[in-house]
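Given next, in structure tokens, is a single chain: the form predicted alone.
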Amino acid sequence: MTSVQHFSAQWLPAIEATLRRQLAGGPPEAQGMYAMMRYHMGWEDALGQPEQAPQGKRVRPLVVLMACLAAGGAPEQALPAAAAVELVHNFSLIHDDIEDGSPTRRHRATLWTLAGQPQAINAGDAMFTLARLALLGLGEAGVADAKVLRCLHLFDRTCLHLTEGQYQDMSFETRPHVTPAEYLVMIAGKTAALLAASAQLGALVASEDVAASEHYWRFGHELGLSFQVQDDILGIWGDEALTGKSAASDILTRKKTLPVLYALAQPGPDGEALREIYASAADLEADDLPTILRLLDRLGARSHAEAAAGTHAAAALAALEAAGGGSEGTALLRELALALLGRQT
């Protein structure tokens, strides 16, 4: 049976070729904007010369093709949808970098630091539009019009959820109180929505069974929630040598992740002590880390987050089982899910 490694080796070149076709055009007077998008994708350097920079793992487009195979379809027919989800993911990254003021992504200067915020916004908007046009390419791939319309509806609804999640995430930065329940709603939009749509899009391309496609949506949704909660755990307790990121950054910037929010909501003297630290107007320093980590441990923050990640992971695998798809595609999705959930970086 095909492994994720073999499937990726087979289909990543086709995904990449489809993506490059989407960003290769444009009128001569707008080529600078297309070059900006290609820079962000890691294909060109700041001078427009070919480059092989880090490009991400292409997890979402692979999920589209695997779900299509699991639901009984031909993965090549879902390539336009695979390109669409990767483009909209990168559109969101371009805008996120601007909104967060991030100077680097994937060890390179972010687009806005080179082109300025206004032009980077234009490039992001263009990439969003190209993502929708890529999805409409399903019709040219032989997908029935009714299916294309269902896919487009799902895609647009997902993009709305993405922006809602980003809005909530940004609003949390200035809110003194955020509940764990509110946080889960936020990551359902910002992190899980596109992964859920990726799985459902593949199933919708393959099959007329819309009800069955909902199981694939649930698989991606729960997988996305578990992935983000695990990321929260790694952001505090992960091995810096593996993650490449210091736990100090999440804590010292008072980042509102699930372990922290759970601990802040706990009663008693330890919860009160943590709330006082996080409510202080003074900047947190490295010397505060041992105290905060000790309070998080006593309040059960890590064990709560690990239990939540496990619950969502189990729900993802249960939804995949309920989908009842073809053995090869289902096995690939299960293998990919377990690899994502077992990661240390």
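Note that residue numbering follows the sequence shown and begins at 1. These numbers come from a predicted model, not from an experiment.
FYI, the form predicted together with a further copy of the same chain isn't displayed, but the following is about it.
Contact with a further copy of the same chain in the predicted complex, defined as a heavy atom within 4.5 Å, is made by all three of Gly32, Ala146 and Asp156. Gln119 is the sole member of Gln266, Thr179, Gln119, Gln77 with a non-hydrogen atom lying within 4.5 angstroms of a further copy of the same chain in the predicted complex.
Checking Leu252, Ala109, Val210, Leu160 against a further copy of the same chain in the predicted complex, a heavy atom within 4.5 Å turns up for just one residue: Leu160.
You can rule out all but one of 257-265, 191-199, 163-171, 226-234: in the predicted complex, only 163-171 has residues with a heavy atom within 4.5 Å of a further copy of the same chain.
Using a 4.5 angstroms threshold between heavy atoms, Asp125 counts as touching a further copy of the same chain in the predicted complex.
Residue contact with a further copy of the same chain in the predicted complex: Gly310 places no heavy atom within 4.5 Å of it. Using a 4.5 Å cutoff between non-hydrogen atoms, Pro290 does not count as a contact of a further copy of the same chain in the predicted complex. Contact check for Ser102: no non-hydrogen atom falls within 4.5 Å of a further copy of the same chain in the predicted complex. Taking a 4.5 Å heavy atom cutoff to a further copy of the same chain in the predicted complex, the contacting residues in 71-103 are Phe91, His95, Ile98, Glu99.
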